[in-house]
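Next up: just one chain, as structure tokens, the form predicted on its own.
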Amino acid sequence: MNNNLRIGIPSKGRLSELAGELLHQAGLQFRRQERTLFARVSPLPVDVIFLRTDDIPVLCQEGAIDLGLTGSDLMAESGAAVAIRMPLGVGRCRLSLCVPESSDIRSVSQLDGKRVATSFPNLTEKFLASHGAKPHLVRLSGSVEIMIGLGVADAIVDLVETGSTLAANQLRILTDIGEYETVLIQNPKNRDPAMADRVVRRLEGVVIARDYSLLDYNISRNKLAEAERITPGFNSPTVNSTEDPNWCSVRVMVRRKEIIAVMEKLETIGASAILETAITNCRL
């Protein structure tokens, strides 16, 4: 091994694909050879290490890697002493306490002495203890949602995204323990702080760009102030003159989730040629 900055990413699964795509979009180009655990980033002094997702927080704490992409749920479960450098805006989910739809359990305290199956025993135990419940924990690494049906547990604690799996297994959410997402974590004593900051800045450019679009439109000069109230931009909109002195052209950043509503408002006040352009990277 060398003194290159080391970034740990999941070795397989959907998060591995998302992490690889994010790094490539940030200009961190690497190629993974079959069955290898390391890949060199060209041309930066950075190595990518392929690891089990739930090992990344601990290995980051121990200094085996300097930065890591993992779930904030796994970070919280491990208790690793690492810092979150930035949320990555993907993999959002809830950690939920679930019981059968037919269960008469209506409060967390009723789980005292009950069997609770989970792959998050530390978070589960801490949460239940805060509600005065001390259950028998059934520690698992997968397929938690079927444990009630198998007669192994009275309740489960599992990650929930859409809730379709719960419905298929006739479960209902009693309460949520927390909300989590994919994050970039860092060992405070990393090998190259300046390079770590450079990598973080690159990733920020991609993550922020995913939340925004560029919006271009034409608007009459007498409506410009009203249009600017609709699209104030990141700092301010860019306004250019057109050949017709009574009109101007505006370019502005708009959050993607708001883009349709904003386009409708602009159209209502007379804007025309309203065009959305995707942003793949930025510096703000």
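The first residue of the sequence shown is number 1, and the count goes up from there. Since the structure is predicted, the reported quantities are computational estimates derived from the model, not experimental observations.
Quick note: we don't show the form predicted in complex with adenosine monophosphate, though the next part is all about it.
- Contact with adenosine monophosphate in the model of the complex, judged as any non-hydrogen atom within 4.5 angstroms, is confined among 185-193, 157-165, 202-210, 124-132 to 157-165.
- The shortest heavy atom separation between residue 12 and adenosine monophosphate in the model of the complex exceeds 4.5 Å.
- Put simply, residue 80 is far from adenosine monophosphate in the model of the complex: not one heavy atom of it is within 4.5 Å.
- Although the partner is absent here, residue 152 is not a contact residue: none of its heavy atoms lies within 4.5 angstroms of adenosine monophosphate in the model of the complex.
- For the chain shown alone, residue 146 is not a contact residue for adenosine monophosphate in the model of the complex, no non-hydrogen atom being within 4.5 angstroms.
- Proximity to adenosine monophosphate in the model of the complex, taken as a non-hydrogen atom within 4.5 angstroms, holds for one residue of 214, 140, 93, 108, which is 93.
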